[in-house]
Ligand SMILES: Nc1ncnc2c1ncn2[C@@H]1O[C@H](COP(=O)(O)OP(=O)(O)O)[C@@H](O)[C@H]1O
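Presented as structure tokens, the chain that follows is alone, the form predicted on its own.
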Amino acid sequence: MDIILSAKDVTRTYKVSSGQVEALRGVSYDFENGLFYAVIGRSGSGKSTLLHILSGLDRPTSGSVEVNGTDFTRYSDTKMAIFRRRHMGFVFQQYNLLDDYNVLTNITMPLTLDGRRADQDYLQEVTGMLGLSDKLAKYPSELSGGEQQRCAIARSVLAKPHIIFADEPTGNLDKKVGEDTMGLLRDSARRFGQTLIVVTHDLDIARKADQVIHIEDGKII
């Protein structure tokens, strides 16, 4: 078993006006390289919190998260940002594209920030697979929602991360476009050997995952 990501006894507690909220309560899980995981649960169950901690967007109150045996949860903010850029890709419900830049600049942004240049053959392969080859000079405002989400997928894949995290990636898309987009995300991650972890409320998406993680009240059940 080739473990790429490992959560060990992770807790996350938030302080609120009425006291404390335990968003995660002792979560442990090993993720295998190259598999597709769906994280499901009711609203407020802790699934997005888990995604944010696994991906280094948030830090656990206690416990650890390791990528290839490296615990990155104690890194400084700057070192954490660099680690995320080099090891992780992200697809969010809101696309998070930069309106002032064209598609090509948007999808190569993580590489640019890291001082790297895109592998041109790989760029052509990724954009071709995602149907973006003729959209590279366009701006986000000129694209449909589905096309914008495909740009977000290209951006997440292009830097060759080990893991892609997606938080409700089809939440803003209609059913058919959402299914097609999710299929492309799943297929591209599989094709390029990346582990895919998706938070979703859509059980049709979850059924296509290699493994389903069900969270209730901050625990995996």
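Residue numbers run from 1 along the displayed sequence. Please read all numbers here as calculations on a predicted model, not as lab measurements.
The discussion below concerns the form predicted together with this ligand, not included here.
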query	finding
Single option in 10, 23, 197, 205 placed near this ligand in the predicted complex, where near means a heavy atom within 4.5 Å	23
Per-stretch contact check against this ligand in the predicted complex, the hit in 183-191, 149-157, 37-45, 169-177 (non-hydrogen atom, 4.5 angstroms)	37-45
Touches this ligand in the predicted complex: residue 55 (any heavy atom, 4.5 Å)	no
In the predicted complex, residues of 2-16 near this ligand [heavy atom within 4.5 Å]	14, 16
